[in-house]
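One chain comes next, on its own, written out as structure tokens in the form predicted on its own.
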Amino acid sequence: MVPFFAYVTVFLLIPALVVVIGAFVSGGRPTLGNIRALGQPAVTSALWHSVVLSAVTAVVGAVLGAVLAYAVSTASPRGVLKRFLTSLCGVLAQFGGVTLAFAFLATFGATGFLTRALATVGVQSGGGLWLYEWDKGLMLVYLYFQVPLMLIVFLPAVEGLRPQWREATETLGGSTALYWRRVGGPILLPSFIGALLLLFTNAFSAYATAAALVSQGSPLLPLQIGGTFTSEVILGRENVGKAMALAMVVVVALVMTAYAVLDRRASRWLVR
């Protein structure tokens, strides 16, 4: 366990302490000025945009991923299709950052192959400018890894539904709709909400993809934090960035606590 605790200490505990301490220090002295700076319009706007972006992509990704997970669960357990889809989603869920941004730019950008292909048939896509907007382009890009992640997280819960429960419903005269409303739905609901919260956290903390696509204005909180450390215009705001990071830590901690509670409740139905 020593290597594990050493890894956690270096890459989790120490950075967390630096953020917490730095959020309440300025010029070597304790202060609440960094926390009060969180009320500035630019910061609150960035926080709101991050929450909206994360919530929308989490809900859409959860619905699409849940439907895909159910479709995959009906395939043969040892079939090639199921193994291929689960392996593919495992790769796509981790495909992010600058690489993912470049893939979308090469496809939908002003000189992307799909944009040029549409132009040859007389269809104008606006030069791909929508790709650089946080409420359009980023939502589509985020869904690229949100949907596969939902499948990976939600598939065990779907596969935990026992066939005997559906057979018992049909034996008692229940329909398919009744089964999902009274049996399958309530059992999967905690797992679905837990996975939804996980997707929210995943999008809320994403940085590299947004930084590669949106280079002006810093409309998201992670970009605002990065700007406090890299801006050549406004200096001396590093501790304000740590205060913003602390706010993100609080939001993520609350969401992940709710996820842990729901996951513990849902795990009761996965025991065979």
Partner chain sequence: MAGPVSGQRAVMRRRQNAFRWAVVTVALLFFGAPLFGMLEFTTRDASGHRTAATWSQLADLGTISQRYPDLSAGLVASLWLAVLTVVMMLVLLVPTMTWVRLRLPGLSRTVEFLCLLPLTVPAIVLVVGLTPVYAWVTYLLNGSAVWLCFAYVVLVLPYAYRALDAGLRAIDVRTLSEAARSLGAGWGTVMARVILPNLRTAVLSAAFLTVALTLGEFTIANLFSRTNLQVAMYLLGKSDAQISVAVGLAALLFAIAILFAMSFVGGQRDTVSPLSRLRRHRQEPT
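What you see is a predicted model, and the numbers here were worked out from it, not measured in a lab. The term rigid core refers to the maximal set of C-alpha atoms that superpose within 1.5 Å between the two forms. Positions refer to the first chain, counted from 1.
The following text describes the form predicted in complex with the partner chain, which does not appear among the structures shown.
Checking Val67, Val59, Ala37, Val51 against the partner chain in the predicted complex, a heavy atom within 4.5 Å turns up for just one residue: Val67.
Contact annotation for Lys136: none of its heavy atoms lies within 4.5 Å of the partner chain in the predicted complex. The closest heavy atom approach of Ser205 to the partner chain in the predicted complex falls within 4.5 Å. When contacts are judged by a 4.5 Å heavy atom cut-off, Trp130 does not count as touching the partner chain in the predicted complex. In the predicted complex, the partner chain lies farther than 4.5 Å from every heavy atom of Gly194.
In the predicted complex, Met1, Pro3, Phe4, Phe5, Tyr7, Val8, Val10, Phe11, Leu12, Leu13, Ile14, Pro15, Val18, Val19 are the residues of 1-21 with at least one heavy atom within 4.5 Å of the partner chain, listed from first to last. Once you line up the core between this form and the one not shown, the Cα of Thr9 ends up 2 Å or more from where it was.
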